[in-house]
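This document opens with one chain alone, in structure tokens, the form predicted on its own.
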Amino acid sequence: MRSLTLPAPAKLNRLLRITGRREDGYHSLQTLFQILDRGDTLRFETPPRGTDIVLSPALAGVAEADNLIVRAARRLQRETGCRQGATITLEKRLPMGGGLGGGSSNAATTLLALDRLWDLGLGIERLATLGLELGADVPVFVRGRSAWAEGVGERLSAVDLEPAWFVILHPGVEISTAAIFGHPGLTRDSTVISMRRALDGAGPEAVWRNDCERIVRALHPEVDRALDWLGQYGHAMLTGTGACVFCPLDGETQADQVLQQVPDEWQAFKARGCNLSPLHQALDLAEGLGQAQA
């Protein structure tokens, strides 16, 4: 039996601008994905026989057939005709439905891990294409770089962002992404900007904003309060459609100080932004160890 244990890192949307609505109902957007050094962990084992995909523990409220980990594994089997199976153990750290990309990251880690364990050799481009079928955020995790994204989030350009520490709060509410994107009051006509302008920054009010935030604040008072509270330490923002909010800070020491002040009613953690995903760092390390042992 072969095995592999890998991280599934979180992401933040450092900005999210909705620039239009397409005929297929999806929204055109511009966003800046920041990969974090914190996330879930998955362990993969390939049994000597059988093609079953077994995931444990089950996620409350999520049917196995709908779980992105299981869907990713089965999609890979269908794509390649692979006759191998896998036992997958998930250590869940990220809050579900928090806008941190946990499910998409789990799917990306599954694609990359099983491509390695099943000796498929599909490569990043093909895996990213398969990932897009599972969700618009999956390709950024497959590619493994902080990135500028356009389209529905699938057109990616890798970027190098300044290292930063963040405090991330979860206000304890669940938010429906479909409800936010379907809301009649959602901004859908933000001006298209260049990647360079976004990276240079023209001030938080002009560029570093999330077009979903106004609607989420109005519908969810808990998120509104969390943003106001965190905003006393810096430029607090919503990530994705929430419910998590975040604030970039001057360093780990300040992040620790802010964490000590967080009200008990909220979950909170610190994380560091990174340009290369911890998943890809772990895969590179595993490959290096394998070559050394060969």
Ligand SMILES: C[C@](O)(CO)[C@H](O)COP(=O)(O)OP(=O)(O)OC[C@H]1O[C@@H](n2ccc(N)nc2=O)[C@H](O)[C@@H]1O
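This structure is a prediction, so every number in the text was calculated from the model and none was measured. Note that residue numbering begins at 1 and tracks the sequence as displayed.
Another form exists, predicted together with the named molecule; not displayed. Remarks below refer to it.
Although the partner is absent from this view, Leu29 contacts the named molecule in the predicted bound form, with a non-hydrogen atom inside 4.5 angstroms.
At least one heavy atom of Thr177 is located within 4.5 Å of the named molecule in the predicted bound form. Though the partner is left out of this view, Gln84 does not reach within 4.5 Å of the named molecule in the predicted bound form, counting heavy atoms only.
When the named molecule is considered in the predicted bound form, Ser277 lies well away from it, no heavy atom lying within 4.5 Å.
Heavy atoms within 4.5 Å of the named molecule in the predicted bound form belong, among the stretches 75 to 83, 189 to 197, 135 to 143, 117 to 125, to residues of 135 to 143. With the partner omitted from this view, the residue of Leu161, Val152, Leu219, Val207 that lies near the named molecule in the predicted bound form is Val152 [heavy atom within 4.5 Å]. Highlighted residues Asn13, Phe33 and Ser104: every one comes within 4.5 Å of the named molecule in the predicted bound form, counting any heavy atom.
Shown here without the named molecule, the chain has only Thr241 in 241 to 266 lying with a heavy atom within 4.5 Å of that partner in the predicted bound form.
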